[in-house]
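Taking the form predicted on its own, here's one chain by itself in structure tokens.
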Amino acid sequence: MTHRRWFTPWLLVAPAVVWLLVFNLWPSLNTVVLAFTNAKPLGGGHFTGLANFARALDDSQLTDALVNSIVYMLVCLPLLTMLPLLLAILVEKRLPGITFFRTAFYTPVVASAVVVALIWGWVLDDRGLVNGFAQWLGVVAAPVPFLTDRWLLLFSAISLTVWKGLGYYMIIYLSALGNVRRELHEAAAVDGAGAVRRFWSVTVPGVRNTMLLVSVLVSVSALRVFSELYVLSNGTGGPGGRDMSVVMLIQLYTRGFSGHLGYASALSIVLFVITIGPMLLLLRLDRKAA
């Protein structure tokens, strides 16, 4: 009986452990190994040392992709850290009809990213709603190239990411705001602090740990962006392929039977290292602030 009781917990966690080993640990280790080879989808390849990483240093497409990913992160980070907090403060109030607005803000989150990107593409197309309305008002004489200009396409994708992510991070902040003691707001109000002062002196310190979590989530997802840029550019990566993200570039090199798995694996490691950077920086800044 004792032996069976000792064995039972391991039996229960065995499926999860097998899943992690097969679908997480093994692919990660295999990626590291492939990064030092010239492997193809139909061949194992052979060891090439640091050749793939040396190639990455001279890859202009990778340079463009890194610039796009970093700009994506730098724009999304402040917007998706502060705007959802302001929305959470708004919908936390007990006002008539506030449930409708909570639902409206969260609806884009449950929608498929691909479907939302397709709708966004129709809206921003040369013959889409935005250009049609702007030309009807006489604001512009010719359609604005939202989807055919490099930077306009990038910022169109960023606006889609921000719009879709507002509701998700708003829910995270709502749970954190419930832990901020109301007595602190009341005491600050008695001392003469206005709404803005209470926000910076009471609310922000009270949700600081949650803001760090949101910042890390936003940074990682921005650096790993794929669907928004892929769909808005129709899979081309924008004019001249200069709007690709690093994930799109990795997908490009693994496509077809003649894909370069070794080089794609090296790019995956580069992306992993770059993704770790903002996380460590944010943790360091949080410790200094504490």
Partner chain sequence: MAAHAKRVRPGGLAAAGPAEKALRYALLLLVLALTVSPFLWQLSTSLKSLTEDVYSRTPTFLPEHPTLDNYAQVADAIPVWSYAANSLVVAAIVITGNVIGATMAGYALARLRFRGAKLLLGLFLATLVLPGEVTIVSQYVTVRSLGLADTLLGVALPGAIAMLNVLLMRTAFAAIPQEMDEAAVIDGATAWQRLRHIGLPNVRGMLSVITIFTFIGAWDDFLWPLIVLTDPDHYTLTVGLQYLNGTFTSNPRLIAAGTMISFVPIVVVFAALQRYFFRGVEEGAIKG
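Rigid core here is just the name for the largest C-alpha set that superposes within 1.5 Å across the two forms. It should be emphasised that the depicted structure is a prediction, and the values quoted were computed from it without experimental measurement. Numbering follows the first chain given and starts at 1.
In what follows, reference is made to the form predicted in complex with its partner chain, a form of this protein that is not presented.
- Within 4.5 Å of its partner chain in the predicted complex, a heavy atom is found for none of 50, 219 and 258.
- Taking a 4.5 Å heavy atom cutoff to its partner chain in the predicted complex, the contact residue among 87, 160, 211, 154 is 87.
- At the 4.5 Å threshold, heavy atoms of residue 110 reach its partner chain in the predicted complex.
- Residue contact with its partner chain in the predicted complex: residue 224 places a heavy atom within 4.5 Å of it.
- A residue is said to contact a partner when one of its heavy atoms sits within 4.5 Å of a partner heavy atom; residue 148 fails this definition for its partner chain in the predicted complex, lying far away.
- Put simply, residue 231 is close to its partner chain in the predicted complex: some heavy atom of it is within 4.5 Å.
- After superposition on the rigid core, the Cα atom of residue 10 is displaced by 2 Å or more between this form and the one not shown.
- Shown in the overlay between this form and the one not shown, fitted on the rigid core, is a CA shift at residue 86 smaller than 2 Å.
- Residue 189: CA moves 2 Å or more between this form and the one not shown after rigid-core fitting.
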